[in-house]
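The chain below stands alone and is given in structure tokens; this is the form predicted alone.
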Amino acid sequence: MLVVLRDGRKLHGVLRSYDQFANLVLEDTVERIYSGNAFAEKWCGLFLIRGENVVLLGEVDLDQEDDIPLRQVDYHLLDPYHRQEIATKKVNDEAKAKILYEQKGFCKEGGEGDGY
């Protein structure tokens, strides 16, 4: 299963359990990060996810996943680039929110990941 969380993390694992609140238990979980045409994985093991943090949950077709032209690299090599992309996105989102507040009258309420 692929689970996308409100903070933007992407987790791949085996769904073992869920409940009516969309709380999930993932086994053999890895966190996957992307940058350009590369990806890296960090082993996380057993993961319990509170349902309110789930943005997307989907089944991964392993046959089609192999056809995607991404190359796997070491997590520690890709992590700085990934963090820089996150920081750049945060700055851009803050600038956009400021413009929307000052020029269009939108409110500033909401927190990290509430845009979903």
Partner chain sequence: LPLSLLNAAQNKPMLVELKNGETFNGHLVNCDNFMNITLREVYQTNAEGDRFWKVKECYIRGSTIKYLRVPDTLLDAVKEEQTRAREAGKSARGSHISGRGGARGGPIRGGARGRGRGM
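This is a predicted model, so every value here is computed, not measured. Residue numbers count along the first chain shown, from 1.
Omitted here: the form predicted together with its partner chain. The next part is about that form.
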Contact flag, E27 vs its partner chain in the predicted complex, heavy atom cut 4.5 Å: yes
Exercise: Y18 in contact with its partner chain in the predicted complex, heavy atom 4.5 Å: yes
Exercise: S35 in contact with its partner chain in the predicted complex, heavy atom 4.5 Å: no
Residue contact check: G45 to its partner chain in the predicted complex, 4.5 Å heavy atom: yes
One residue of E52, E59, D66, D74 in contact with its partner chain, assessed in the predicted complex (non-hydrogen atom, 4.5 angstroms): E52
Sequence-ordered residues of 78-93 touching its partner chain in the predicted complex, heavy atom within 4.5 Å: none
